[in-house]
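Next up, structure tokens for two forms of one chain, structure 1 and then structure 2.
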Structure 1
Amino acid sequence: MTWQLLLSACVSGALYAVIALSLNLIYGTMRLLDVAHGEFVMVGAFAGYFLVTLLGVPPVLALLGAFALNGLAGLVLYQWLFAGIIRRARSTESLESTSLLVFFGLSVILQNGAALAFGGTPRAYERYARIVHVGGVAITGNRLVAMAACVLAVVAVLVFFARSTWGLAIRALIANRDAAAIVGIDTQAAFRLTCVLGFGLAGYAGAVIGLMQPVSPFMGGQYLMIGFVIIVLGGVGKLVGSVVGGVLIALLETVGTQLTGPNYRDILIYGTFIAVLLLRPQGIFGRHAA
């Protein structure tokens, strides 16, 4: 039974890691307080749903489709909206507060737009529904596919950031935007890439959720909360921190509630969140700002 719980925690942990990673890219790199992130996840979930049910795309490819669509939307939004906000901001604080308002507006528009376009009722499809046995633990195929898809995405993102030239540029940018610019990094180009990756990953995560659960215009809120909790745990701009934080939250949610009781879920998650805020505001894995 413990293995069953751990496997369940791995499934949600991998998903949470992708969501937190994507949010951390947007927030950590550009300091855009993306409170519409849950809605970007939702848009990806619908993209995945329609790709699968209307166009008959295999769900695994639909994940990539959702990534591409959302990434493109992120790019367009950057050019059209975010670039101006970033340019006009006088300080990090003012950028955060302006972007908070802008993203709040976006979240309302996306949620209501989706409700108008697709209706408010949940939609679901059934794929990879066979039960798979992994060393004595039974798991539905779609959850296994979802986990594998998330692990792949996380590894791909981490390798990209650890090894590639542009990954290095974005890490430098996260550390210090001005210094990145004066050593020759085209910050605009790096921000564009970040938007494609960040919003694309949010869409990817949404399509992954659609593999397992019904999708609806209102599904986003819970993932936004989880995303921010994990970012605080793992540290703003700390990509590996987001991955570890995601798994930690999933363990609290699954194994923690098994040890205490289902009603302790929120206490465990938000209690940890507040404890970290009080004791280690730079995140569990963050070091004091240098």
Structure 2
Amino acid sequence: MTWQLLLSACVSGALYAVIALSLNLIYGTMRLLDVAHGEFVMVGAFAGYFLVTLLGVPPVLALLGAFALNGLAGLVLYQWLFAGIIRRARSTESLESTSLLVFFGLSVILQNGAALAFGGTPRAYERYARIVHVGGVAITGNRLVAMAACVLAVVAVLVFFARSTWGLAIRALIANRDAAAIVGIDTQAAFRLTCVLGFGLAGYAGAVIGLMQPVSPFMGGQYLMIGFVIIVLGGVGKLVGSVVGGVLIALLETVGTQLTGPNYRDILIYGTFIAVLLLRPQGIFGRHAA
């Protein structure tokens, strides 16, 4: 494996880790099956694109703008939609099935709404296009900035959940919601914060994608599926597992397609997905139920 391939895998792995972290937060904490997550990534990509091209915001600040806009949307959706779904659910199974239908509807609305508003033609802007040489390996500046932005986001999220009071509270909710409520954790406040972080990170990842490639209303599907594959690989609710799974999938994608050809990319990824479900359904970092 050449250093060029390894660097390319690092860029993809960092991006995939952010997407998987955000998706794992939403499902692990609230048990909401967010099948519209790819569309929220797309919304963040368009937010970053318009912040840069229309308002002249520097691309790095546009990443934070996309995070803030998506995080606000997540908070509004929780207050007006998700809170009622969670409150009325009689079991985890009914919550998952109801949220699946709701998010499917949101996916259709967001994708078609974006297509009507912006058209189906991909849009792109050029920033940091200069070639940078790192130890003899060439990489465009925008990909280097994208990798750095994703690594910083992943580190910030992991530190938040390891050191802060609210981060520990959310981890307790992921581990056992009933026990967390018994010891006095404000579950509603934790859910609101989770929505801000989860949907905000999705928007952040979308804006990062906009740094490297064109954005379109139909870009979300591939990132949704990769996010679910990584969650299964790393373990539901396992935040470190999302990071490790993202890197592993990126290595498999980069090296595997180099060895076999680009037409085998989906076969490699979804073949791995099926193999993990069969051999270790709880994921790398998950545990068997007692």
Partner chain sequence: MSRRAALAGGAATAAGFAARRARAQAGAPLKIGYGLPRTGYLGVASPVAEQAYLLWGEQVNAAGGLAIAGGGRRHVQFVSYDDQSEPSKTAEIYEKLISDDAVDLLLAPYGTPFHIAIAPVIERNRFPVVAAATLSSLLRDMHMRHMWFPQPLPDAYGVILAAFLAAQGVKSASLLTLQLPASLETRKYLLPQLSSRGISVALDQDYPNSTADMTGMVSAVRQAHADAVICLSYPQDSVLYVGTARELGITTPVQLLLIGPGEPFFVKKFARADLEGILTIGEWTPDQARWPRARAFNDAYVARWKEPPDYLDSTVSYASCEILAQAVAQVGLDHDAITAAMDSMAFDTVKGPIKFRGVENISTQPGLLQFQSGALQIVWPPDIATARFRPKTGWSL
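Everything numeric in this text was worked out from a predicted model, so none of it was measured. Think of the rigid core as the biggest set of C-alphas that the two forms share within 1.5 Å after superposition. Along the sequence of structure 1, residues get numbers from 1 upward.
- Remark: structure 2 matches the stated condition (the form predicted on its own).
- Once you line up the core between structures 1 and 2, the Cα of residue 53 stays within less than 2 Å of where it was.
- Once both forms are overlaid on the rigid core, the distance between the two CA positions of residue 260 between structures 1 and 2 is 2 angstroms or more.
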